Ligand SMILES: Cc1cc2nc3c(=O)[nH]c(=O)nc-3n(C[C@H](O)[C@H](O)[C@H](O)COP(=O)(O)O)c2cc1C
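Given as structure tokens, the chain that follows is alone and in the form predicted on its own.
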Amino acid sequence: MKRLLYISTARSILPPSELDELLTKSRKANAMADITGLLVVGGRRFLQVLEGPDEAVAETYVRISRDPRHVALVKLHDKEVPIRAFGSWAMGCEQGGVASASASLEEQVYAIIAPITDPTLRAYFMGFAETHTRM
């Protein structure tokens, strides 16, 4: 099983309706391909982890890299893992700027990643959330 983490920049900020549509399509496709993961959005920046069968993750990343809505994809983490960190999530999502009044984006992301034992993965998500909470 493969886990791939990448960061990218959207050409423009996605309106909530477009992000919702993207998530709906992605969750359906991911469920069919046995891919799980998490997407955190901060303004125009996306941090996403995909995990699942090697070939399915590789094909999904290629499809994402061809999407004209974003540029500058950079793989941050790409390795074989024995178990999933994101369980049965077709694609969890947290978005900066829409955090609830009772919790910051940092607090919401921390709660989501609390069970993750991989320190590198935790650090990427916390660093991203901290940066985009200040924006």
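Since we're looking at a predicted model, the values are computed, not measured. Quick note: we count residues from 1 along the sequence shown, nothing fancier.
What comes next is about the form predicted together with the named molecule, which is not displayed.
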ask   = If you check in the model of the complex, is residue 63 within 4.5 Å of the named molecule, heavy atoms only?
value = yes
request  = Could you confirm whether residue 57 comes within 4.5 Å of the named molecule in the model of the complex, counting heavy atoms only?
outcome  = no
task = With heavy atoms only and a cut-off of 4.5 Å, decide whether residue 76 touches the named molecule in the model of the complex.
result = no
task = Considering only heavy atoms, tell me if residue 69 and the named molecule come within 4.5 Å of each other in the model of the complex.
result = yes
query = Which residues from 12-42 come close to the named molecule in the model of the complex, meaning a heavy atom within 4.5 Å?
reply = 22, 26, 29, 30, 39
